[in-house]
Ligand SMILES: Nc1nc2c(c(=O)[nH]1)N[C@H]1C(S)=C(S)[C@@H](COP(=O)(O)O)O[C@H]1N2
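The chain below stands alone and is given in structure tokens; this is the form predicted on its own.
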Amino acid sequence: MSTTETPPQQAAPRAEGGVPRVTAALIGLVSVGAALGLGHLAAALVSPPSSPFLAVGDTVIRFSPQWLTEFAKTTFGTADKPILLAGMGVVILGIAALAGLLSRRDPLVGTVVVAAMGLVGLAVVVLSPGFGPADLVAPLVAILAGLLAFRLLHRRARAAAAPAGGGPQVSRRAVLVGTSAVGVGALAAAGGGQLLGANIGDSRASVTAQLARLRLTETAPPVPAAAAFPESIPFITPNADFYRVDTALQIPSQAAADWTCRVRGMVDNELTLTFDDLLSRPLVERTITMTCVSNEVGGPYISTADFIGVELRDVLMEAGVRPGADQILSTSLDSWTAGTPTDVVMEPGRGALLAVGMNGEALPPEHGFPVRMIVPGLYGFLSATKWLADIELTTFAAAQGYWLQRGWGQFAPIKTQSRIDSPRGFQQVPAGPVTVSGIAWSQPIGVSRVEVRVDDGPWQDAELAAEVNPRTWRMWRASVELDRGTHRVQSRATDANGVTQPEERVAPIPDGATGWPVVVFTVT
């Protein structure tokens, strides 16, 4: 009888498919998530603006064409930044998942993609305005975290995918647990970074308490009841409702005790201000209406508050502004810049402030805590720097602010405008007398007259509420008798110098919109 010898058993080759698709995609996702989360946490600990994810977002904003910027503001309003971040997140996670899928058999592709994404984050941080050596920490941590997570998880997944006898075995459960642990750690790191970045509550509470104890050199007179009609919006805008338009994806965070601001450049005496220094100076409270240049005709980007602060003119006089310094270039903590005409700020009675308080409390974080600039009568893009960090006296020929570099106006006084708040567009109102009401503004000149007309008929004077001061908006209303049907109402304001709001429609950019607001509604 012949015998057949069985050849020695050889190690089976690895499965042709490599790492399962779902696992591979998940590895890509959590690895990039680990990079973003740990990078964000490192940035919060060392230098918040250096978070790679936010730095990429800031770069997108900085280099977006003007039409896209205005489209985002008009379409999404104050939700433009969350939508941008969400869109970035979808794109980044899509690339991460694809990198994982392309690395099912070999980790090289995923390694290269993760490294390339990290290097992009490093590059935008290095090229960001205000870059310093400490800003390298967060992107480098992100690169190392992403590469380490990807290589480790991929190695474990390959081991789990290998047939028995093909090498050290790892259970699929262990791969899932390890991948989940990295994902949870990434989320925790990102959340920790976000909490650290916003941890200024105690500082704000302390400032609010200090302001309540301090004696002000000048207090804002109480707003009289006659300054607002029952049909009108509140005269003073609550802090939570005050409009917000800026380029900051993450609100800069700084405790009041850590705040300093240099007043430098073309001055005789360079100053370094601290927060305690500001509180030791004469503090004034003023009721001021602020307006954004991006406000379309009839738009929402206008609000009024009682601001507490130090006279900016007094600070500049102490520094000694040299002849020829026609621009005050202010810089925020996140390196955003604005160029304000020096002669406007130095104008007696203008009332420009280094503000520390708003409506009886410390500035809210989203409105500039600890200190911001406010110059009544100028649109905010060149006069209302939040999170103030530096003031340089210079010239417009030598330096340009953020929006001036993008073609916006160098001088942008607020234009005389009005808005119709009631009836609302396409609202149905009952038959009988219809009250048309709204607001008008022309800071710092003041409003002397508002007129309304219905269906292109004759203009009639509206009733004006009491004026609080020329730096604020003014409420108005008019009663009109209308038949049932659809009607069209317009308004126009005239300032205290007799200049009337023009009819011609002009877009907000570069220096403010003009035109008569129009509301269409139905009487039933």
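Numbers follow the displayed sequence, beginning with 1. These figures come from a predicted structure and were not determined experimentally.
Missing here is the form predicted in complex with the ligand; even so, the following discussion is about that form.
**Q** Kindly confirm or deny that 437, 480 and 519 each have some heavy atom within 4.5 angstroms of the ligand in the predicted complex.
**A** Spot residues vs the ligand: no contact at all.
**Q** Choose from 311 to 319, 331 to 339, 227 to 235, 275 to 283 the stretch whose residues reach within 4.5 Å of the ligand in the predicted complex, heavy atoms counted.
**A** Within 4.5 Å of the partner lies stretch 331 to 339.
**Q** Would you mind picking the one in 415, 156, 104, 372 that has a heavy atom within 4.5 Å of the ligand in the predicted complex?
**A** Contact with the ligand in the predicted complex is made by 372 alone.
**Q** Of the options 256, 404, 263, 290, which one has a non-hydrogen atom that comes within 4.5 Å of the ligand in the predicted complex?
**A** The option sitting close enough to the partner is 290.
**Q** Determine whether any heavy atom of residue 400 comes within 4.5 Å of a heavy atom of the ligand in the predicted complex, and answer yes or no.
**A** It does not: once the ligand is placed as it appears in the predicted complex, residue 400 has no heavy atom within 4.5 Å of it.
**Q** Taking heavy atoms and a 4.5 Å cut-off, does residue 149 contact the ligand in the predicted complex?
**A** Close contact is absent here: in the predicted complex, residue 149 is far from the ligand, nothing within 4.5 Å, heavy atoms only.
**Q** Please run the contact check for residue 384 against the ligand in the predicted complex: heavy atoms, 4.5 angstroms, yes or no?
**A** Yes.
**Q** So, residue 453 and the ligand: in the predicted complex, are they within 4.5 Å at any heavy atom pair?
**A** Close contact is absent here: in the predicted complex, residue 453 is far from the ligand, nothing within 4.5 Å, heavy atoms only.
**Q** Check each residue of 230 to 248 against the ligand in the predicted complex and list those with a heavy atom within 4.5 Å, in sequence order.
**A** Going through 230 to 248 in order - heavy atoms within 4.5 Å of the ligand in the predicted complex - the hits are 242, 243, 244, 245, 246, 247.
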